[in-house]
Each structure stands twice: as C-alpha cells, then as structure tokens.
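Form predicted on its own, single chain, as structure tokens, below.
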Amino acid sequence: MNILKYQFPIHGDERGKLVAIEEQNDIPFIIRRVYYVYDTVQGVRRGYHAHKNLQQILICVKGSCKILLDNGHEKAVVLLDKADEGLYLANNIWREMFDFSEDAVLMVLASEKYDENDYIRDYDEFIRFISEQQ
C-alpha cells in the first residue's frame, strides 16, 4: 500500500513554533472543509468508512492516534504523533481511527464539503465499490 505523508515546514524561534499549510502548495487539493476530533473516549474507534471522491489530509496536531488504512487488498496502520506531519488519504480508502491519546486533537483537511452521498459506510459495499472501479 502506498502511504503518503506530508512533512510541513516548521517556522519558529524562542517564542514558539508555527506550521502553515497552503492549499495546492503544501497539499494537493483545494481545502473546502476543516474539522477536528478531540475528547475521544479511550478505547473508541472512529471512522469505519471510505469516500467515493473526497481526499483528506489528517494531522494529529496534539497527542497521537493510529489510522487503519485498507484499500481492499491490503491493510496498514499508521501512527500520527507529529503536529507537522499529515497523512494523505485518497478516495476509495477505508479508514478507522483508534488508540487516541487522552490529549489527542486530530485535524482533517478535506477536498470537499460534507456530502453524505460520498460516504461508503458498509465494508462489504466498499469492497464491491473497489471491485467495480478496477
């Protein structure tokens, strides 16, 4: 599985650090939606879906979490624990987020606005969708 992480430049001095992310410069799409997940209860898994068209960059801006990626043929687990590192998720990737640290804040940059019709929330449907795309 091809896992693509983006390393964002850190700017800073004795006052602290700053990470700036520019659409189509630091990431490969126009940002149409930003959201973040926090105060996740220990032991809870989130996600359990794929997207037909949406692309995303996931950044754990505080704490850590793990992401299970599944392209229908192989699976991989990726640790996110750096505020200057983003995980690119193309469409057609099943994702599950888990093992959140108590202080985790997971920010998501999305290529599209929320559209329920873009979600695939059933794993068997996801496998059928992937098979039809090939």
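In this text, residue numbers run from 1 along the sequence as written. Since this is a predicted model, take the numbers as computed values, not measurements.
Form predicted in complex with ligand TYD: not shown, discussed below.
Asker: Of 62, 66, 32, 49, which residue is found within 4.5 angstroms of ligand TYD in the model of the complex when only non-hydrogen atoms are counted?
Answerer: None of the others qualify; the residue that does is 49.
Asker: Answer yes if any heavy atom of residue 97 is within 4.5 Å of a heavy atom of ligand TYD in the model of the complex; otherwise answer no.
Answerer: Yes, contact at 4.5 Å.
Asker: Is residue 17 close to ligand TYD in the model of the complex, meaning a heavy atom pair under 4.5 Å apart or at it?
Answerer: Contact with ligand TYD, no.
Asker: Since only the chain is shown here, I'm wondering whether residue 11 would be in contact with ligand TYD in the model of the complex (any heavy atom pair within 4.5 Å).
Answerer: Answer no; every heavy atom of residue 11 is more than 4.5 Å from ligand TYD in the model of the complex.
Asker: Does ligand TYD get within 4.5 angstroms of any non-hydrogen atom of residue 123 in the model of the complex?
Answerer: Outside the cut-off, so no.
Asker: Given a 4.5 Å distance limit between heavy atoms, list every residue of 105-134 close to ligand TYD in the model of the complex, or none if there are none.
Answerer: If the 4.5 Å heavy-atom criterion is applied to ligand TYD in the model of the complex, 105-134 yields 114, 119, 121.
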